[in-house]
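The same protein chain appears twice below, in two forms, each given on its own as structure tokens and labelled structure 1 and structure 2.
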Structure 1
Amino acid sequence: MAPLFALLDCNNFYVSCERLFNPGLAGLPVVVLSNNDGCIIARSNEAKALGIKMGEPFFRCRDLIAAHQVQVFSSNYPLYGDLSQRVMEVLGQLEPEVEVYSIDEAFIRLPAAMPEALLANGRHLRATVKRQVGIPVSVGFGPTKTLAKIANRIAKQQPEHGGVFVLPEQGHDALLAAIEVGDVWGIGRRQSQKLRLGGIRTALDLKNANDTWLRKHLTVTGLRTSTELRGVSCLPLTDSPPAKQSITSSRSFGQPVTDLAGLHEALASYVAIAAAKLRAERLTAGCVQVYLTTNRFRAREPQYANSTTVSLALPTASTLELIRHAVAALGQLYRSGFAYQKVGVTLMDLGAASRGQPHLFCPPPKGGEALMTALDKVNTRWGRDTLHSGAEGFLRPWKNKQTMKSPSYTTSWHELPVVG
């Protein structure tokens, strides 16, 4: 028996987080919205049963939501991030080889074992996370990551398995035949369309597809997915997270912005967010990319989208320096006469804060390390935005809406749940 993988996945994660502090939500249909209260990004089983789709615009299912008294929440990322960390900590105590794959998922690598032993292990994981954190999870076992994903899906969808499923090493073709090719990890909308044109409709079809055809039409990634379905592991467990390549911050506006001053404020705020992340990772950026776009859904309004990238003479982590460069780039991109929906910044060419040598012709930049350290300390202690650059503005009319947010129960002293 070959070594294998497990995938642990939190059930309806954001909804489960909301329910943890609001037990009255149990059994009710619940949804969580994306950043701007724009789309549905998490649904309880009851909400799924009503036919509410993942990624559906909120305004389009308002009637359905009202009719069934679906409980609606704006997303509360500090809460979800904190609970995610707690789940991963418990997992790390139980398993030596864990890869945190996303906010609500982790792969585990295990030595070969009998199916009964795996089942018992999965049940133990599930019970421990439930007891110590309170979040329900599902666990799937398989010989590759892609097959573990499929096992997890079966664990979640078929209640008779009690949230844990071990994909049999042999004779699981019938299970693969029941899974649409677009539901296989790594096969998105475009690829599944291509596959269907080639007569490949199920996970089993993809497993048995011709290598040359796959390589030609789906590139190496499609071939890799097919190989993984055959039980040959191509995607190893990456135990230490690879170094970040880039840090992005962007938001849609609460209402369209037409003037450069408004864009300028918003961009400066996003740079401040990205730069704080940069410093938290002890990195510097050598390159700043800025982009802006109008609302592509308003087809009748004039459309404009553009981006530009500036290289810095000297890598920096200073919010003030980065704002200066980003704002200059924005000035080049801006065209009047458009209703903008979004600006964003990406910090690239990241490297260790200690890298490089001072530039011969560049004076040491303002907004140096001591100032940034003080800024981060104040904002960590008293909340983000306590201290910020004037460039970020004060009234911030462009700020987006988040009207149905639950309290930050675990990450803000002011919003602790009160007992009794």
Structure 2
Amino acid sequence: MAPLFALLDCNNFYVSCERLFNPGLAGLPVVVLSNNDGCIIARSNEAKALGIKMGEPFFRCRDLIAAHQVQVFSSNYPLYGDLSQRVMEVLGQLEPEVEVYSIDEAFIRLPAAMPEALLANGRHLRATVKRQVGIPVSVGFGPTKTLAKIANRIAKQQPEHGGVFVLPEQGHDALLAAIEVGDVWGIGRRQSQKLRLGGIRTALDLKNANDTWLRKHLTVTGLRTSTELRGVSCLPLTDSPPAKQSITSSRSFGQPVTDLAGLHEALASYVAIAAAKLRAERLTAGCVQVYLTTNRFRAREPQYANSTTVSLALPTASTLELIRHAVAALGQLYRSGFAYQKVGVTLMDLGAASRGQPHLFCPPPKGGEALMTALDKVNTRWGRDTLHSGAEGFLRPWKNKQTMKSPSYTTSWHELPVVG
């Protein structure tokens, strides 16, 4: 018997994180908003039942939210990221072969076993994560990653399974027939449209589709998904994540920014975030791309968007060096008379920090590496931005809105929960 896959998925993850430290939210409709309190990115089951859609702009839902007393939270990524890491650590202690797929999902590879043993294992995983972290999860088992995704979907949406579902080895066509093709993992919106035009509307249709037609219209990726639906594994477990090709840091402003000084501060802040990620993965960047844009949704206002890319003579992970290059690039892009909505940076041409070849005419700044090490140690111990470049500013009136953000219960000494 071939090995199996399981998918562990945290239920309504962002909402579950908020409920973990606020038990009074249990049973209430809850939504979490995106950066700048723009769109709805997470919903409790109660909020879904009210008809609140994923990705819906917050302002369009205000009346519905007020009428049903929906609890609203700004996104709290430090909290969500920390709880995600705790879930994955527990999972890693329970299973030897784990691939962390996203902030709230992980694939597991398991030896073949009888359904009863798989159900018992899934229940044990659920109970252990719930007991040690407090986050509810669902577990689905299948012979391929794609079928494990479908099994997880059934485990989550059908309460009678108790959060764990094992896809039958034979006779699961009826289950696939009930799943729209656009809900199959790996099938995007455009692919879904092509499939429907070809008469393929369900997961079962995709499973039974002609290979030549799939390869022609969806390339080898679509054919691979169809093959996975047939129970033939094409997507192995990834033991380590692929190397990053780029790191991007950007946010929409809480209010439009018109002056260059404000843009300088915001850009420097985003560069610092990207540079810290760069050093955490022991990488350097050889290229910096800077971009800025106005709000395209305000059609009556003057519009402007532009970007530029700078190649560095010497790859670096120094926040100060990267800020210097990024701010210089921003000066070339800036045009007065516009109300800017966003500025951002992308670090590219990434490579191992140990790869660096000295430059004959551009020696690295003395003490730069030690300074960055000290910066990271201080911020790791005392919290991000405890120590930062003066170029990032202090008051930051441009900072994105987070008017309904919960405390960072697990990542800030100043916001630890207090027992009365």
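Computed from a prediction, not measured in an experiment: that's the story for all the values here. What we label the rigid core is the largest C-alpha set whose atoms superpose within 1.5 Å from one form to the other. Throughout, residue numbering runs from 1 along the sequence of structure 1.
Only structure 1 matches the form predicted in complex with the DNA. With a cut-off of 2 Å and the rigid core superposed, Asp104 has a Cα displacement that falls short of the cut-off between the two structures. With the core superposed, Gly24 shows a C-alpha displacement below 2 Å between the two structures. When the rigid core is held fixed, the Cα atom of Glu392 travels 2 angstroms or more between the two structures. Overlaying the rigid core between the two structures leaves the Cα of Tyr304 displaced by 4.0 angstrom. Note on Arg381: its Cα is shifted 3.5 Å between the two structures, core used for superposition.
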